[in-house]
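What follows is one chain in structure tokens, specifically the form predicted on its own.
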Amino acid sequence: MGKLIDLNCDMGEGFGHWTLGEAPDEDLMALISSANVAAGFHAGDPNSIDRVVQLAKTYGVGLGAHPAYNDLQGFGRRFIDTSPEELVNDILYQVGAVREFGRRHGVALQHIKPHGALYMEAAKNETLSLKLIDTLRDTSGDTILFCMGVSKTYDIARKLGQPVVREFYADRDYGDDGSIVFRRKVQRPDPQAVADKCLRACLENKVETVDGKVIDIEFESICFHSDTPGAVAIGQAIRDGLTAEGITIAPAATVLEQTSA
């Protein structure tokens, strides 16, 4: 079997009549293999969760919960200083919402991916990552956790046996330490340049940092964001570039099955 890679995107990122970004969820869902569904704290509401879960079922896309800090106004991109216990309870609350809509439509929850500032905090906060993964071992032992390869989250998940997938960020820059460079405002990137970056990462396991250094990178999933300007063109360019080189795009669970076989 040739190389498999997951392609994931954040979905349902609006609230009521408001939406963030220019890309319809339907257009993005046709391009990806795993969907991270906004679960209500940074974006999303019961109706949007229900709609996106149905889309995931229609397109055969892996269903994921995308929990965040309780920061609707700041889109979950602001750090909130609170205890790991409170944060993990917030995560469980949001995961439960997406899981229950999945049950309604006969779609199993494939993965959990923290959003924005919460994702970045867990990456460096050993106590938070340990509390989260301990809790997932009790409640969601078969559910995949998405994270960066250079993170406390990944190290602890591997140690404790929680299924875990490392991400490569198509539309974000990298620092020399292998961590993504967090920016609140993202300019409209060149879709072909993003696709070329992803293809190099897949074929050579290399990425160029913001300082011009080429570093090693390992991952099972590529992420691009629905609120990045030109998201549909970016997703299409990535998909076309990978498939042209014989790389198959498949849900994260399928990718893990192959890599662990």
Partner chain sequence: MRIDLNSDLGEGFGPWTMGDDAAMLSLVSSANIACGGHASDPETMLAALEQAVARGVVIGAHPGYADREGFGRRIIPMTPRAIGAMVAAQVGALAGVAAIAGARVAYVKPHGALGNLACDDADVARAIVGAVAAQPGRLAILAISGTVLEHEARAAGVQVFSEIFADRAYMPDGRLMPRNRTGAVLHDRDEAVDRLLRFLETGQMPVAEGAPIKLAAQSVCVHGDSPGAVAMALALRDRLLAQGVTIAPFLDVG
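Being a predicted model, the structure only gives us computed values, none of them experimental. Residue numbers count along the first chain shown, from 1.
In what follows, reference is made to the form predicted together with the partner chain, a form of this protein that is not presented.
K.L.:
Choose one stretch from 229-237, 41-49, 207-215, 61-69: the one whose residues place a heavy atom within 4.5 angstroms of the partner chain in the model of the complex.
P.N.:
Comparing against the partner chain in the model of the complex, the contact stretch is 41-49.
K.L.:
Does any part of Tyr169 reach within 4.5 Å of the partner chain in the model of the complex? Heavy atoms only, please.
P.N.:
Outside the cut-off, so no.
K.L.:
At 4.5 Å between heavy atoms, is Ala250 in contact with the partner chain in the model of the complex?
P.N.:
So Ala250 does not count as contacting the partner chain.
K.L.:
Does Gly241 make contact with the partner chain in the model of the complex, using a 4.5 Å heavy atom cut-off?
P.N.:
No, Gly241 is distant from the partner.
K.L.:
Consider Gly16 of the chain shown here, and say whether it contacts the partner chain in the model of the complex, taking contact as heavy atoms within 4.5 Å.
P.N.:
Yes - in the model of the complex, heavy atoms of Gly16 and the partner chain come within 4.5 Å of each other.
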